[in-house]
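Encoded as structure tokens, the following chain is the form predicted on its own, with no partner shown.
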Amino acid sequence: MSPVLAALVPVFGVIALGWALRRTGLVAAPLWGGINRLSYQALMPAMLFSTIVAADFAALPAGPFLIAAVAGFVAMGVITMGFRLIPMPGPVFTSLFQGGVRWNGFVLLALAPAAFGPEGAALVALVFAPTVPLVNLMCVAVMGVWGASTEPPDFGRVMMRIITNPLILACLAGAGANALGLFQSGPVADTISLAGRAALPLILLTIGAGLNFSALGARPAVLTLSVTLKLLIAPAVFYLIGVLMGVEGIALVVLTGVGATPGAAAAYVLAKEMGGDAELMAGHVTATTILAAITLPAALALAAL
């Protein structure tokens, strides 16, 4: 079994466990929101910080890699905007757009250490800093134009949420500490690292708990298009941009993986808040999460050739 497949089996196994825990009621439904907030607000920032602060970026093409990652998300935004020419209700298009550009980096983070090594995991962690604000701004702008909400989007509030996003702050703090040689060992580093180890299992459990199979029947034609954009077109776009920008080796494989990740549950939340097609978004997240068990290792294997 390849390292990627070996790393992917437990990742999707824990996702399946989360679905089973929610389905059986062994973990009560109201508890999942608290688990998700704990992971997102505290544990995941700790993991991102400890991963970045300990990385040896001197041996990695971090600059070209990050530029290529940003260009990949912009390219997917442009490609997805082209489908506005197809007649469909505005809220449906907003969910198609989110499906094309949002990524679930937590899945890639979970398999990165075993599949790519510590340097590859650090590259995955770095992607969060520039792309979280970019993707959110693109999606909010599209939702503001074509969403069904009668209230105009509060871009000031959106910017404040981006500026105070704990994932972005953790990435920036980790990069700064890495450059200054701080917190790379000792009790503080060990404490942050220990807290971070709890992040991915809980995040993967909440991903599984959020799967909604009943939503798979929502607008099957548009759902098929959004899944194709996310799992087939996006990895090819990221790979081609990486090749054109001279990214190679493990960095190119990781870059392709960024494009090949499934959809993010945050897209469903935004669709609910700003008048998108929330059921379509739930179907997209569920379908891409399941199918990524096949398409993600295939994309990584092709990128490694």
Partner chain sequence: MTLQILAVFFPAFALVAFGYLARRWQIIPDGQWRGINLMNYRILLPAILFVVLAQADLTGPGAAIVTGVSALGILAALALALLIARLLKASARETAALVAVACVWNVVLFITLADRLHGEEAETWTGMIMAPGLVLATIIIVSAFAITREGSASKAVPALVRDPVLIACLAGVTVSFIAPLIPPVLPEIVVEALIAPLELAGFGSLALVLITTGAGLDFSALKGRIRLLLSAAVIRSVMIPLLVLGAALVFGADAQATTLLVLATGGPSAAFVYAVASEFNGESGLVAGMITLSVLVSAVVLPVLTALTLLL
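Residue numbers count along the first chain shown, from 1. The model shown is predicted, which means the values in this text are computed figures rather than measured ones.
Not pictured, yet referred to below: the form predicted in complex with the partner chain.
This chain lacks the partner; the member of A175, M81, A129, L202 within 4.5 angstroms of the partner chain in the predicted complex by a non-hydrogen atom is L202. Interface residue remark: A195 is counted as part of the site for the partner chain in the predicted complex, having a heavy atom within 4.5 Å. The closest heavy atom approach of I290 to the partner chain in the predicted complex falls outside 4.5 Å. Residue contact with the partner chain in the predicted complex: I35 places a heavy atom within 4.5 Å of it. Not displayed here, the partner chain is kept clear of G181 by more than 4.5 Å at the level of heavy atoms in the predicted complex.
Contact with the partner chain in the predicted complex holds for none of V145, G217 and L240, as no heavy atom of theirs lies within 4.5 Å.
Residues within 4.5 angstroms of the partner chain in the predicted complex, judged by any non-hydrogen atom, belong to 203-211 and to none of the other stretches in 158-166, 81-89, 203-211, 230-238.
For the partner-free chain shown, V14, L17, L21, G25, L26, V27, L31, W32, G33, G34, I35 of 14-36 come within 4.5 angstroms of the partner chain in the predicted complex, judged by any non-hydrogen atom.
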